[in-house]
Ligand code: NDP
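First, one chain by itself: the form predicted on its own, in structure tokens.
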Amino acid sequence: MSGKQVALITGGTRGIGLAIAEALAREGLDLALCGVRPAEAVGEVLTQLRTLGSEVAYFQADVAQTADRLRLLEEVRSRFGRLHVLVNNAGIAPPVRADLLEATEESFDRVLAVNLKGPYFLTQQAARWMIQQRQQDPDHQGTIINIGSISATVISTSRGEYCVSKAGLAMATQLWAVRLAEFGIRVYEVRPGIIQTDMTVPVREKYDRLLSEGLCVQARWGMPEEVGRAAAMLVRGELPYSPGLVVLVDGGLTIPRL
């Protein structure tokens, strides 16, 4: 068992989560990755990450499930014995993009369970553990990063449940930043815009057109590694006097323009 800092990244084996895992591995952290896929489906990814010099462990868990969250933290504790960073990255889009007048309660419940309830209560559990570590070692520094979305403030009436979940996560970031400041735990939100991942594949053509028409200040897709670099900056502690900060990685999409 190494003495490196440990980061738990939910949804950490593909897309933005994987880019964050790669960035933190390059920063010298060991990685606890969580996802819903079976371990055999992510073996190649884990092998790739280990070439960066980190100890990497995978834990299958659904953050929307109370029992899975509890088991996840216990398994991380058993494997690593410590935790310094939590990245709440796991998230889903609505199974069907439905107009607000047609959307179902089932879709609303599932999206909010994964995107908001899961990270909210995983943060609660991880923070308790970080506080215990701080009490045992005054030099222990905890960092919690929520991966939000411009959908916290930018409206999409065909996926209202997603927008509501990300708006709630933005408030959760502020709440936890205030509550955990006394324990030296830094809490931030990284808020991506239009990022080229498997989640955006179904709308690739739509956003290609919108980007060409000037949707963003920078007329291109964002890349997962750009979100990874933002997370790494926060984990390094480069913005220690900015609790609750929202780091926008959106190509200028949310700058108001005439």
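Everything numeric in this text was worked out from a predicted model, so none of it was measured. Residue numbers run from 1 along the displayed sequence.
Although it is not shown, the form predicted together with the ligand is what the next lines describe.
- Of the candidate stretches 43-51, 24-32, 56-64, 210-218, only 56-64 contains residues with a heavy atom within 4.5 Å of the ligand in the predicted bound form.
- Of the candidates Ala39, Met223, Leu70, Met199, Met199 is the one whose heavy atoms come within 4.5 Å of the ligand in the predicted bound form; the others do not.
- The shortest heavy atom separation between Lys166 and the ligand in the predicted bound form is within 4.5 Å.
- At the 4.5 Å threshold, heavy atoms of Tyr120 stay clear of the ligand in the predicted bound form, well away from it.
- Contact check for Trp176: every heavy atom lies farther than 4.5 Å from the ligand in the predicted bound form.
- Heavy atoms of Phe80 never reach within 4.5 Å of the ligand in the predicted bound form, leaving it off the interface.
- Annotated contacts: Gly142, Gly184 and Arg229 are all free of the ligand in the predicted bound form [non-hydrogen atom within 4.5 angstroms].
- With contact defined as any non-hydrogen atom lying within 4.5 angstroms of the ligand in the predicted bound form, the contacting residues in 161-193 are Tyr162, Lys166, Pro192, Gly193, given in sequence order.
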